[in-house]
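For reference, the chain that follows is the form predicted on its own, supplied as structure tokens.
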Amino acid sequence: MKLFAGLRAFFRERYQLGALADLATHKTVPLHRHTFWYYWGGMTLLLIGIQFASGVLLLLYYRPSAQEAFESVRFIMTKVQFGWLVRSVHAWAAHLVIFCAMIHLASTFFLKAYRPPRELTWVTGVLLFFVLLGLGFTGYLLPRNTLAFFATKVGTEIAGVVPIVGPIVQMMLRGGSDVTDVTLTRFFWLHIAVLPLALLGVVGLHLVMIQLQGMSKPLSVKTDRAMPFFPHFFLRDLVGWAVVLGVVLCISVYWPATLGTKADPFAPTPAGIAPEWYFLWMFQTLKLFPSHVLGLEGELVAVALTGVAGLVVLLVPWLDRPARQGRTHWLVWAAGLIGMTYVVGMTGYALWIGHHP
């Protein structure tokens, strides 16, 4: 504690942080039976940090071209000391960060932490989740193996289904009519520059809002028990971070990431090509949707419904206003439960079908 006090005194003598420093030192965390869910935001933040650190290390050797991408990843995994571990950590942390973000978003929804005055905190959290999905999608192509190449081809074809803007988006992503070397370059810069900058901006805004407004307390909790964030809750967060880091390292060591075979753009699409698990529910929905609905193409209707669902999630704070809570509270809660059940159920069904064709 003397070390922290000395550091605080050092910075206060040189920088007039004023109210911001006082706010950080006086921040508290509500204590109740739902406090467990507060840790998932910190775990997501840690995994984002792991992604940045491991990604920078991979950039030292990765070469973003159709001729060299696969070979550079193979060089990392076979020749670079602990390169296989760094890539495995990057790959598994990508899965876990989306999983933790999902849990954090779901817990925030069901604890109604989006209600006023925290509407924009919810919006930044949802945008953060969307950016993480974008990072997962753009990073998938970079090894340029068979599975990644054809899954990206299928994914960009889905984007082209949307009328008017769909073909434009598809052309921007691919850099042409098909997945080529230009596509890899565009995905590379989206993955290492555009989306990370967006992620940093949204995370920073999200953390500032939480710092200014504090953590929300569920409506069912009537007590005012709380603990100081620093050092009490922060030390608990550190324990959670140590557990997450241990899980990432254990999975990476015992189930290291594989590379597969180099993609052949002229080969036919292999059977059983599917996206990562966090897109499986959408992929399976498109497969099961009828070819035509009310005279419209089934894929178009499915993509439109998915877009509407994303917009509804973003606007939840304004759909469940306290002034009319009696009419909308249970509808919003039920819609959220049905949506989460559908996503989990369809993902599980797609995984089961993949293992039992």
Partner chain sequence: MCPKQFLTRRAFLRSLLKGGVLALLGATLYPILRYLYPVKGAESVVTSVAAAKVDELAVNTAKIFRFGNRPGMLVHTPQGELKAFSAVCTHLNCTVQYDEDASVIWCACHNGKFDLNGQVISGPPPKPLESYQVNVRGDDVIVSKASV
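Numbering follows the first chain given and starts at 1. Just so you know, these numbers come straight off a predicted model, no measurement behind them.
Only in words, not in the display: the form predicted in complex with the partner chain, which the text now covers.
The single contact residue among Thr185, Gln213, Ser107, Thr269, judged by any heavy atom lying within 4.5 Å of the partner chain in the model of the complex, is Thr269. The contact with the partner chain in the model of the complex, taken as any heavy atom within 4.5 Å, belongs to Ser177 out of Thr261, Thr223, Ser220, Ser177.
The shortest heavy atom separation between Met171 and the partner chain in the model of the complex is within 4.5 Å.
The partner chain in the model of the complex is not approached by His95, whose heavy atoms all lie more than 4.5 angstroms from it. Interface residue remark: Arg115 is not counted as part of the site for the partner chain in the model of the complex, having no heavy atom within 4.5 Å. Remark: His90 does not count among the residues lining the partner chain in the model of the complex, judged by a heavy atom distance of 4.5 Å or less. Checking 119-127, 138-146, 204-212, 283-291 against the partner chain in the model of the complex, the stretch whose residues place heavy atoms within 4.5 Å of it is 283-291. Contact with the partner chain in the model of the complex, defined as a heavy atom within 4.5 Å, is made by none of Trp241, Glu276 and Gly339. Contact residues in stretch 122-160 (any heavy atom within 4.5 Å of the partner chain, taken in the model of the complex) are Phe150, Lys153, Val154, Glu157, Ile158.
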